[in-house]
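Quick heads-up: it's one chain on its own, the form predicted on its own, in structure tokens.
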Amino acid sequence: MAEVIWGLATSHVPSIGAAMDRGKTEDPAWQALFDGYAPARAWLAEHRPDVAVLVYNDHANGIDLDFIPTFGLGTAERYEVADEGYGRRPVPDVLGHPELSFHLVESLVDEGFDLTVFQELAVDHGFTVPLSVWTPDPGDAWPCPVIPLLVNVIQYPQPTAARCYALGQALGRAIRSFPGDLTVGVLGTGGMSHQLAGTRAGFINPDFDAMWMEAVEKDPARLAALSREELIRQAGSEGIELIMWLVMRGALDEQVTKVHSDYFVPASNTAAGIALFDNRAPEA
């Protein structure tokens, strides 16, 4: 039986990847952000899973805006890094795990989640930046195969927080029902509060972010009860990405151990957060 051993929530701001790619992580504007990643990176380096599932949204780079599925899952053996218009990031392509992917598709469809299945998919910064937050120097390959799980957060109507939390719970059951002896890490990405356009462009809400950071650990059902409109009001139009953290949290056990968290403002025009949870039962 497969086991979810940890969950990682992290922002996927493209400029975070650019700062890493251009050697700017120790610049005064960036150093505090990357210092805040260090404890999580050290712990993750010692707890490498066999496979990871990464919950993210595409930004019209791998998927055309004419076709935005509510939920999608990749089943490919390999995912190329997308060129987002200024050359692809200098990071490795991503190896998939088709066997676990097909099991997840079947299990989630049987639970009522009608997924779009991607046999080919290019992955953009929404996918590669979280991998870099986890592993800043991957060399020729990321630490393990990674399965993309896509969520629509860019076109109305986005799925509700409750639906995303339920998807995460179903994902956890699906992983645990896989017959192979695998350890699995789950990443939820996006956020935190930010709005990039309109009259509230530049909006950040640290108080809401602090509430979210605490509740995602201790009371995720509270967050799942938030409406789409309330999330956008409190976190900004792009802050609705936080629903992807709930997919990750739903895949974990009810009780988790927080390993590390950190919060940084601003990364570009975004509040950036990281939260790492150990999903294994504490030792007696």
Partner chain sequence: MSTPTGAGRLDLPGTPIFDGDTSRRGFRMNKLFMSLRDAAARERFLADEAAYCREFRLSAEQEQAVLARDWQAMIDLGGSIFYVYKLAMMDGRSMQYLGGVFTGMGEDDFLAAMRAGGRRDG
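No experiment lies behind these values; they were computed from the predicted model shown. Residue numbers count along the first chain shown, from 1.
The protein also exists as the form predicted together with its partner chain; that form is not presented, and the subsequent description refers to it.
Contact annotation: of the candidates G139, P90, P206, P179, the single residue with a non-hydrogen atom within 4.5 angstroms of its partner chain in the predicted complex is P206.
Scanning Q195, S132, Q169, S101 against its partner chain in the predicted complex with a 4.5 Å heavy atom cut-off leaves one residue, Q195. Annotation: in the predicted complex, residues E106, R173 and P282 none come within 4.5 Å of its partner chain through any heavy atom.
The partner is not drawn, yet in the predicted complex one stretch among 210-218, 113-121, 147-155, 181-189 has residues with heavy atoms inside 4.5 Å of its partner chain: 147-155. In the predicted complex, its partner chain stays beyond 4.5 Å of every heavy atom belonging to A32. None of the heavy atoms of E26 is located within 4.5 Å of its partner chain in the predicted complex.
Although the partner is absent here, N61 lies within 4.5 Å of its partner chain in the predicted complex, judged by heavy atoms. Its partner chain in the predicted complex is approached by I232, whose closest heavy atom lies within 4.5 angstroms of it.
Shown without its partner, the chain has D83, E84, G85, Y86 in segment 71-88 as residues with a non-hydrogen atom within 4.5 angstroms of its partner chain in the predicted complex.
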